[in-house]
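Here you get one chain, nothing else, as structure tokens; it is the form predicted on its own.
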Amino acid sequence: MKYDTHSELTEERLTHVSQIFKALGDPTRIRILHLLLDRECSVNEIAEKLEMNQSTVSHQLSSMKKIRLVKSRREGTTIYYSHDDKHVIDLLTEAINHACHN
């Protein structure tokens, strides 16, 4: 659903937008989302690639899942994570492009 810029910005919507920007303001979450741009990964893969503690990664993924930035699927005993909202990924990509702009 596309947002109509003339629609009212409800408290619920405002809170959700704030949570998204708060999540994107955390370097660890940015690194995780960046890794999930093009593919899904397990907690172990994320921890290994980003050289982070597995419990830290799990905690961050749990926080991001609550606000629908990531989603998960189970395959046997392994849980795989991927991004859950292309709009947020586009926002992240634009922010990275902006930071790279000279």
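The first residue of the sequence shown is number 1, and the count goes up from there. Predicted, not measured: the structure shown is a model, and the values here were computed from it. We call the rigid core whatever largest set of C-alpha positions still superposes within 1.5 Å between the two forms.
Unshown form predicted in complex with another copy of the chain; subsequent notes refer to it.
- Taking the partner from the other structure, another copy of the chain in the predicted complex has a heavy atom within 4.5 Å of a heavy atom of residue 26.
- At the 4.5 Å threshold, heavy atoms of residue 17 reach another copy of the chain in the predicted complex.
- Under a 4.5 angstroms non-hydrogen atom cutoff, another copy of the chain in the predicted complex lacks residue 79 among its neighbouring residues.
- Taking the partner from the other structure, another copy of the chain in the predicted complex has a heavy atom within 4.5 Å of a heavy atom of residue 38.
- Once the rigid core is used as the reference frame, the Cα position of residue 13 differs between the shown form and the other one by 2 Å or more.
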